[in-house]
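Below sits a lone chain in structure tokens, taken as the form predicted alone.
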Amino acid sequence: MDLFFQQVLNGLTLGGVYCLVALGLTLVYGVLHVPNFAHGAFYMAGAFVSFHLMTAWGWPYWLAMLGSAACVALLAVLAERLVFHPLRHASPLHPMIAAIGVLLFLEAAAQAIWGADFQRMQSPYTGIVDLAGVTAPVQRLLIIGAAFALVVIVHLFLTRTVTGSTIVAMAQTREGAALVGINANRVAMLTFALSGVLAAVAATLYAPINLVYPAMGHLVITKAFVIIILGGMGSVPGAIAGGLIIGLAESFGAFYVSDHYKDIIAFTLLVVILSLRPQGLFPNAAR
């Protein structure tokens, strides 16, 4: 039973990270209907900026996370203004190609600045807590607590504030939002900034138990797309539920089946669930 709860802990850790990344991705898709492949590069940039602030400038962990969130938010807004905004009336294929271009550009820039080597980010939370026989590293508990607290904050922001309501309105109907006076450009920039913040925080939380390297966003963004398709494209509840499902499935699959196949589990689940429910789990959920 202790091993079972150990896998639940591991699954919640992965699920928390996936929720944050998928939430930012689904917000951008909901507002702009753009599958932002560059989101994986924002995740990677968040880890590298935090790593640089901690190692080169000596910033503490939480301050580095805030600095990274601000930098990646600015980077995401610049991408929206310089790349996606000029293509808003183009064929849907053009923003997709442009997003891949941004991804490759940012990866090349990271490799030029920090090199191609794998880096290890240090964390001040290196202790281990015993919870009724379950070994719980403090960093994993921090990931779970911070990730789900941030998910709740984002949900409250979207549902309880006027600014958040403009994002929801844009996701429901861009034309209707414009008719009631919502500034589409401002909402698009805000959405990209929020997605950048979520990506940077997720990367900074997860980097101490993973590695930092230029291609680290590839697998994460692939799974994030699996999650938002699984939960229903543009659905915020779907992104949260899908992240938890994939995280727990990977954890239990790696333990009970094989660690070599844990990354295949996400895609297997996608095929199975979409075969039964092609529209996703929460297609009509409130955005």
Partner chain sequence: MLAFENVSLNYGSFRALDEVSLHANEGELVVLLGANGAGKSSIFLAASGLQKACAGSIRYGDCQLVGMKPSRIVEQGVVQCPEGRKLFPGMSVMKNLMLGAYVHRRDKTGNRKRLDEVMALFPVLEHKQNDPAGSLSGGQQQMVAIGRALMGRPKVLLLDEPSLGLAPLVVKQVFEVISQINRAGTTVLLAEQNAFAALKIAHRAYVLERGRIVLEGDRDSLMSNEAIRKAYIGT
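Numbering follows the first chain given and starts at 1. Everything numeric here is computed off the predicted structure, so don't read it as measured data.
There is another form of this protein, the form predicted together with its partner chain, and it is not shown here; the text below is about that form.
Asker: Looking in the model of the complex, any heavy atom of residue 166 within 4.5 Å of its partner chain?
Answerer: Taking the distances in the model of the complex, the answer for residue 166 is yes, it comes within 4.5 Å of its partner chain.
Asker: Does its partner chain get within 4.5 angstroms of any non-hydrogen atom of residue 185 in the model of the complex?
Answerer: Output for residue 185 is yes: heavy atoms within 4.5 Å of its partner chain.
Asker: Within 4.5 Å, heavy atoms only: does residue 175 come near its partner chain in the model of the complex?
Answerer: Contact with its partner chain, yes.
Asker: Counting only non-hydrogen atoms and a 4.5 angstroms cut-off, does residue 93 reach its partner chain in the model of the complex?
Answerer: So residue 93 does not count as contacting its partner chain.
Asker: Go through 166-174, 143-151, 199-207, 113-121 and give me the stretch that gets within 4.5 Å of its partner chain in the model of the complex, heavy atoms only.
Answerer: Of the options given, it is 166-174.
Asker: Taking its partner chain in the model of the complex as the reference, which of 77, 158, 134, 87 has a non-hydrogen atom within 4.5 Å?
Answerer: Going through each option in turn, the one that passes is 158.
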